[in-house]
Structures are given as C-alpha cells and as structure tokens.
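Just the one chain here, the form predicted on its own, laid out as structure tokens.
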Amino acid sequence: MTSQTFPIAKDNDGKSIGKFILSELKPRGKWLTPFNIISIPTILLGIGLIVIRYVQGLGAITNLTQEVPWGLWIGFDVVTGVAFAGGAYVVTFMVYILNMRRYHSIVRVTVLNGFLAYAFYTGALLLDLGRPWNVVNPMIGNNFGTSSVLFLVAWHFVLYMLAELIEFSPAIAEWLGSRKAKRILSGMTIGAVIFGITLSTLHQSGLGALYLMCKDKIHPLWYSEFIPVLFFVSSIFAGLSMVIFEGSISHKVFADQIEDKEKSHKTQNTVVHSLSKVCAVTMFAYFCLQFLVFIHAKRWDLINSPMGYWFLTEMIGFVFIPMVMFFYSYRTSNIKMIRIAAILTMIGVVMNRLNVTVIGFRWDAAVHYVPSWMEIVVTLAVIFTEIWIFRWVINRMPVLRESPAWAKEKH
C-alpha cells in the first residue's frame, strides 16, 4: 500500500504526532459486521460484570471458593493463553538467532499477538486476585520470598512483556514516521530477542512449576514432577499452531493490507508447511515424555475410569492424531490438513491446561468447581477486546503490509 492510503506521522514536532494519533483513533470501515454485532454487547456486559466484581468481590460473579481459589480466569486466560503466546519466542528464535529468513514475514504479527496476549492475560490475573492491590507482593518477595516460583513467574511476565514491546517498537516508530527512533529501536531488537527467549523458556516451565505444590489436589494422570518440562515443550507446538491458525485468518481478513497477494499467499503456505514439521517433531517429543511419565508412575489402574477415558481422549485424539496429521501433511504439502491439525492441537492444549488447573484439580471434591456464566462472559470480553486492539494495530501500523520506503534505507 502507498503512504497516501496509510499516512504516517511527521516527526518534526510533538504537536503533529499528537494530532496524528488522535486522527488514528477514529474508527474505520463498516460497523455492522457479524464480529462487531457479537463482540460489542459481550464487551459491554463484561465491563459491567467486572465493575460488579470489584465493587462486591469475587463471590458476586464467580464460583470460586477457599478450597478452589483458582478457576477459569487462571486456567484458561492465563495458563492456556500464555501457552498460545509461545509462538513469539519460537519464531523470533528461528529468525534472529537461527537466521531462518523465510519466517521473517510473520515476525511482527506474531510478536504483536504475543505481546497483546501477555498484556490482557496479566489483566485477567488482576481480576482473579481477591486483593488486586497486592499484585506487587510477588515481585518484591513480600510474603513469598525471592525463592518462590511465583516471584520468578511475576518478574518473567513483566520483563518479557517489556522485551516484546521493544521487539515490536520499530513498527510503532515507522507508524509515527520517526526515523531516529526507528534506528535506535531496531538496534535494540537482537538484545530484546535474546532476553525475551530466555525469559519465555523460564516462565513457560515456571507456570507448570506452580502446580508442583498441588500433588494431592491434581488428578494423578495429570500430575508429575515433570509438569514444568511438559508445559515448556507443549508451549512450542501450542504457539506455532496459533501462528498457523491466526496467520491463515489474518491473511484473509486483512487482505487489503497486502500489496502482492499472490506472492504473500505462496509465502504464507511455505511458512505453514515449514511450521508443520516443527509441530510434528515437538509433539512427538511431548507424546513420548507423557508416555514415559505414565509408564514410570505405573498408572495403568487409572485408565479404566471416566478420568482415564478423558486422559486417553486428550492424548490420542488431540496429541497423537494431530501429530500424525502434521507429519503426513508435511510430506504431502497438504496445507488444508495442516490447518485442521493446528485447530485440533489448540483444542488439545486447552484440554490439557484445563485438566491440570480446573477439571483435574480437586477432582475428588464433594462439590466440584464449575465456572459461572459470568466468568465465561468476562473471559470472552477479554478475548474480544484483545482482538479489537489487534485489528486496530494491523489496520494502522506496518505489520502485514510493507514498511515505508525510508525505513528500508541503510544508515
């Protein structure tokens, strides 16, 4: 697209940039779309429920109790959402560290998706805290100590969001038309990537480590001392499956952002095809790890039970089958099958995280936790709001479209 279609700000004075940003806040396009019709009422209702939650407390809209203090907002919004955001650290590692340039076209959109995911899931975490003003306690070691896993996870979250913001910031500088900022921020990218990859690998496993203290609360089929390793490995194919899924949708929904559609379509298919191999390999490693943990713990007697059947459904239906689909579709270059496998994988990751954090947590309690409809609405409101901001950024910043000509000049 030309700069006439997508204007950029002038960096010669702050006033012009301010006016530019205000003009960019104005809505564009049609309002009466199916997504808007569904999302706007959901977001408004979610905001109302959030107000009630903060005024009257968690008990007003959730089914959380003293026995089950972590529910849907932790299990899905945070633990599952962070796994899906794992594509950012994997893709940046492949592009900037392994120098695999064929993935360069998806770096910005993947990092943007990861940053927004972390920002909104951190917000969801605040909703789940009975006393949200104490959110700083884990970071300063108050009441927990600096050796606490929660202390590490809290710092990983904040620092990784900062790293992802730096990684994405050159796109913001291009949007604002700031040449000087672009040069400075681009120079910080490699350092931010290395820092971000280190943090991400630590906190993906760190989230699993939080549940090591719940040995007597999590069903034996999902608990093991290897939860941190399993969370880390699964975050790789979870994140890449989200990249495949989100990328396929974005290239259709935001087709107007792409100049050479035919070339972009071929590039996208090449990327999807290559990522399917990575997914197949990491899913094979994950499946073998789960099998070894199962054999080592001698859990055969647990299989012939409702929870055992549910465990087999997760492992065979949403790990083994999509793994085979990824491998077969990579060999045959079947892009459609790769996308189907990505969707099945994402469902499997959701199942696994919820089995650990909600379904298999206190499974033997007399009254089992079931999220209220209000918890579900708030979760949908968080997701829809994230999509709205993602769409706003894509439509205004050089994420899918080419950077302006001046940004490509060598200095």
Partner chain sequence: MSIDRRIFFKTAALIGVSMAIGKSFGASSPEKGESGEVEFHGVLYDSTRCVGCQECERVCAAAHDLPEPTETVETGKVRKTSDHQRSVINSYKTSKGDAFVKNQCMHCNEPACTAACLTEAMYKTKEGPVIWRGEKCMGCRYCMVSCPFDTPKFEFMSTNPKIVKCDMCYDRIQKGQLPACVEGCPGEALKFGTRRELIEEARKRIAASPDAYQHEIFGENVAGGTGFLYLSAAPFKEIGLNTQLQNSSYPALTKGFLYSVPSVDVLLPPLLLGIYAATKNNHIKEEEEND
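Numbering follows the first chain given and starts at 1. This is a predicted model, so every value here is computed, not measured.
There is also a form predicted together with the partner chain; it is not shown, and the following applies to it.
K.L.:
Within 4.5 Å of the partner chain in the predicted complex, counting heavy atoms only, one of 277-285, 217-225, 247-255, 332-340 shows up; tell me which.
P.N.:
Checking each option against the 4.5 Å cut-off leaves 217-225.
K.L.:
Only one of L150, M307, A181, L176 gets a heavy atom within 4.5 Å of the partner chain in the predicted complex. Which one?
P.N.:
When the partner chain is considered in the predicted complex, the option within 4.5 Å is L150.
K.L.:
Out of L212, L312, L302, I295, which one falls within 4.5 Å of the partner chain in the predicted complex, going by heavy atoms?
P.N.:
That would be L212.
K.L.:
According to a 4.5 angstroms non-hydrogen atom cut-off, is A154 in contact with the partner chain in the predicted complex?
P.N.:
A154 belongs to the contact set for the partner chain.
K.L.:
So, in the predicted complex, is Y54 in contact with the partner chain at a 4.5 angstroms heavy atom limit?
P.N.:
Yes - in the predicted complex, heavy atoms of Y54 and the partner chain come within 4.5 Å of each other.
K.L.:
Could you tell me if L165 has a non-hydrogen atom within 4.5 Å of the partner chain in the predicted complex?
P.N.:
No - in the predicted complex, heavy atoms of L165 and the partner chain never come within 4.5 Å of each other.
K.L.:
Should S264 be counted as a contact of the partner chain in the predicted complex, where contact means heavy atoms within 4.5 Å?
P.N.:
Outside the cut-off, so no.
K.L.:
Within 4.5 Å of the partner chain in the predicted complex, which residues of 105-130 have a heavy atom? Give them in sequence order, or say none.
P.N.:
In sequence order, D128, L129, G130 come within 4.5 Å of the partner.
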